[in-house]
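The form predicted on its own is given below as one chain in structure tokens.
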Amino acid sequence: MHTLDQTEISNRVLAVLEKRFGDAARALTADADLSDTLPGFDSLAALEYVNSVEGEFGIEVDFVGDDVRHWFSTLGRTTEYVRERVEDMTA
């Protein structure tokens, strides 16, 4: 199975954000808070973001057990979350 490196994951997560937020997402830094940086990143957009990331990587996010508000608050944290889930799936 192909393993994903941090850069590939980050690029794919960014592509998810770009699809929804366009140019505003292209300027994101890894540690920028999405709700502060992206216009319209409200609770519904956050839910759609999590669902899109799940679909992109074929992972399932545990909304109860994981701190979704923390892990999906920045590009960098989301990338780290996905990396851990993908590694868990390949182990």
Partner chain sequence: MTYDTLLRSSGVVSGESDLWCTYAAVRTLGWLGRVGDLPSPETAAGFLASRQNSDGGFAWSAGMSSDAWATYYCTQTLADLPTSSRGTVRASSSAWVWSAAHPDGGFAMTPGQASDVWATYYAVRTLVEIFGEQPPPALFDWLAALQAEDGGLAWSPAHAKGGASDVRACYYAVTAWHTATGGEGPLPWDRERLTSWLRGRQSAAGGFTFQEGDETDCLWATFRATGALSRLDETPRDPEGCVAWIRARLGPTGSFTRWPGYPVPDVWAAFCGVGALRELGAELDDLADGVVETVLSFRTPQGGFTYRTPGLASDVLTTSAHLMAGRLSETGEREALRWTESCMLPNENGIMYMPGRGSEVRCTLWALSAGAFEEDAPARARIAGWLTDGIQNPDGGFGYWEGRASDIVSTAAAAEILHRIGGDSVAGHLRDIAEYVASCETAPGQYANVPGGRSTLRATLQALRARHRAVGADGALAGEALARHRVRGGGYANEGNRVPDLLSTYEAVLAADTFGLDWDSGHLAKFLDSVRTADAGFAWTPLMATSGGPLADCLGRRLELRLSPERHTLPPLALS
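Predicted model, so just to flag it, every value in this text is computed and none were measured. Positions refer to the first chain, counted from 1.
We do not show the form predicted together with its partner chain, though everything after this point is about it.
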{"item": "Partner proximity in the predicted complex: Thr29 to its partner chain, non-hydrogen atom cutoff 4.5 Å", "value": "no"}
{"item": "Interface membership of Leu38, its partner chain in the predicted complex, 4.5 Å heavy atom rule", "value": "no"}
{"item": "Contact flag, Ala15 vs its partner chain in the predicted complex, heavy atom cut 4.5 Å", "value": "no"}
{"item": "Distance check, Ala24 to its partner chain in the predicted complex, heavy atom within 4.5 Å", "value": "no"}
{"item": "Residues from 16-49 in contact with its partner chain (non-hydrogen atom within 4.5 Å) in the predicted complex", "value": "Phe41, Asp42, Ser43, Ala46, Leu47"}
